[in-house]
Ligand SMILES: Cc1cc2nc3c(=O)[nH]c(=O)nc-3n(C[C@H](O)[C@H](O)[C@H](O)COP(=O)(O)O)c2cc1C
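Listed next as structure tokens is one chain, alone, in the form predicted on its own.
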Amino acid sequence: MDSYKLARTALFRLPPETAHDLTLKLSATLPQLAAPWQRPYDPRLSCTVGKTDWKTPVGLAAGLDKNAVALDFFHRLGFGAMECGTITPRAQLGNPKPRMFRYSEEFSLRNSMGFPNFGMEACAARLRNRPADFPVGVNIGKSKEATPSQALEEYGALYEKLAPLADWVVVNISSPNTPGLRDLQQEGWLKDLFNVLNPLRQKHGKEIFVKLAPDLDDQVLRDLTTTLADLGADGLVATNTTHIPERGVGGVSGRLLRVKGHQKRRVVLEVARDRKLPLVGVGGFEDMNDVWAWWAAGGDAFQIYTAFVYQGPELLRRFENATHAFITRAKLPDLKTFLKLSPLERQKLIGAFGR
């Protein structure tokens, strides 16, 4: 049994949020704990997401390190990039506890956190000291009490403060845990949002991605993707957690999101690829079969969270080893060359040299 499995056995005896907070505190205080898994990055495995070069196609999703306290640890561990947040303008406690739940037999989690975080000033202080060569995006969201018009002001303030310190910014309008947030996924409000953000983007030059919910109808997702492309979004992230009413309040991630996540991403890709809009996949990635399917559909980079909680750092190594073996067998110079191919060309190579 490796060291992570031993640690997980102990941590899983604790309430989920207690285990999460303890692990993050240790990771922030002792980044050298990553040493057993640390290895040099292979430049052949880098990929480009918008204007940013990720060190590998595997990123850490938002939510695990909300306040950007353990950037050095996750860098050492081997993530190709990471997304911190969700950050709100001022610190907030989030929803009442308990608000995080495990479904261990289904390798899934449910959370109703409600954006607990230390606020944008604290996040900015940490981003100023982040590892210089580690790509980091920041996920921003509205305060619990903010009205739609107040939310516009908040997103503007968040971008102004945090964009200069990050590589890209993700607008979160898709969490199920903040009242009224998902209602903002409509054309009128999004037009107002980009009217606020566009001058700030011209000033700071940092890309704006928008994170989408998986619980939208397919046609709504297509229309929303088209709208965001027309408004000038630089990219998308799909998907956020899913609401499963019979499981309780909050959003579910992991294996219980797996099928829906992949299906909804394919819908978004139908439009995103035609519009040259980068799409970061997240939600239900737990092994290379998920990655092969994502790449065959035309996707590129992806993020993990719940699978990392259950499988640990060895998951990163398995992704890396499988990708390295694939490009070697396919006689490709690097992953970027593969990701420039059409979905049909990718499918042929995966069928011959992948899996």
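Start at 1 and count along the sequence shown; that's the residue number. Note that the structure is predicted; figures quoted are calculated from it, not measured.
There is another form of this protein, the form predicted in complex with this ligand, and it is not shown here; the text below is about that form.
Of the listed positions (F79, F209, Y155, F115), a single one reaches within 4.5 angstroms of this ligand by any non-hydrogen atom in the predicted bound form, namely F115.
In terms of contact with this ligand in the predicted bound form, the residue from V291, A62, A301, L316 that brings a heavy atom within 4.5 Å is A62. The putative spot formed by V69, T88 and S143 is not touched by this ligand in the predicted bound form; no residue has a non-hydrogen atom within 4.5 angstroms of it.
Only one segment in the set 322-330, 283-291, 47-55, 33-41 has any non-hydrogen atom within 4.5 angstroms of this ligand in the predicted bound form, and it is 283-291. Using a 4.5 Å cutoff between non-hydrogen atoms, L216 does not count as a contact of this ligand in the predicted bound form. Remark: N111 counts among the residues lining this ligand in the predicted bound form, judged by a heavy atom distance of 4.5 Å or less. By the criterion of a heavy atom within 4.5 Å, G254 is counted among the residues contacting this ligand in the predicted bound form. This ligand is not drawn, but in the predicted bound form it has a heavy atom within 4.5 Å of M100.
Heavy atoms closer than or equal to 4.5 Å to this ligand in the predicted bound form belong, across 227-244, to the residues T239, N240, T241, ordered by sequence position.
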